[in-house]
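Starting off, we have a lone chain in the form predicted alone, written out as structure tokens.
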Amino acid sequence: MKKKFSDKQIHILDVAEKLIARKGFEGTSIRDISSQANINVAMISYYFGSKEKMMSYLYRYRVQKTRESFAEFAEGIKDSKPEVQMKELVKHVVSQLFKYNYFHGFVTQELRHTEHLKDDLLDFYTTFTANIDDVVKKGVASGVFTYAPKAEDLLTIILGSSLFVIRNKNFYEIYLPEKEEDYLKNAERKMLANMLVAVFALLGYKTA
């Protein structure tokens, strides 16, 4: 069930997200958030209870916004060729994972005891999987794809590879060609290029 947020909550969450993205969760204080949001510190407790609980709200808010933006994105590519749709789907999920990379450590902890986060994620993953499945079937029917790997397996490969790269900087940066750039930006570019090759190989994509 979609959770409704008040305008004030959304304002605070938007501010908190920008600060946490820049400074990290530990480096962002309640005072930082309240000052930037132009509210009293007590308002954080009133609306969310604590900074930790606010993160739970923030994650749920972000998942809802991501689902909404994905619906628009999927609508925009639905008339494209299967190979174009697949490329865009892979690019979309990878870019979202890297863009909101600061959530991943929190989510790993929070999922252990927060049922509604599991439900929100499950809904998003199944929606995304259904889109991948539809594209695979269209590609096979049109002869563009030779094989029809399971959509849930493709999504698992994409998610798993992205999260491994995000969480293992010390390892992956050894293999990045441009060390002076921002790690996540450089890593995303390398990982996405290789992921597209892998996915299309699994599909047996036939180039013209």
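Residue numbers here begin at 1 and follow the sequence given. Treat the numbers as computed from the prediction; the structure is a model and nothing was measured.
One more form of this protein exists, namely the form predicted together with the DNA; it is left out here, but the text below deals with it.
Out of the listed residues I30, A148, I157, L176, I30 is the one that sits within 4.5 Å of the DNA in the predicted complex by at least one heavy atom. Looking at the DNA in the predicted complex, residues A42, S45 and S50 each place a heavy atom within 4.5 Å of it. Heavy atoms within 4.5 Å of the DNA in the predicted complex map, among the stretches 64-72, 136-144, 30-38, 162-170, onto 30-38 alone. For K206, no non-hydrogen atom is located within 4.5 Å of the DNA in the predicted complex, even though that partner is not displayed. The pair N186 and E26 is looser in the predicted complex: their Cα-Cα distance rises by no less than 3 Å compared with this form. Put simply, L163 and K23 come closer in the predicted complex: their C-alpha atoms are 3 Å or more nearer than in the form shown.
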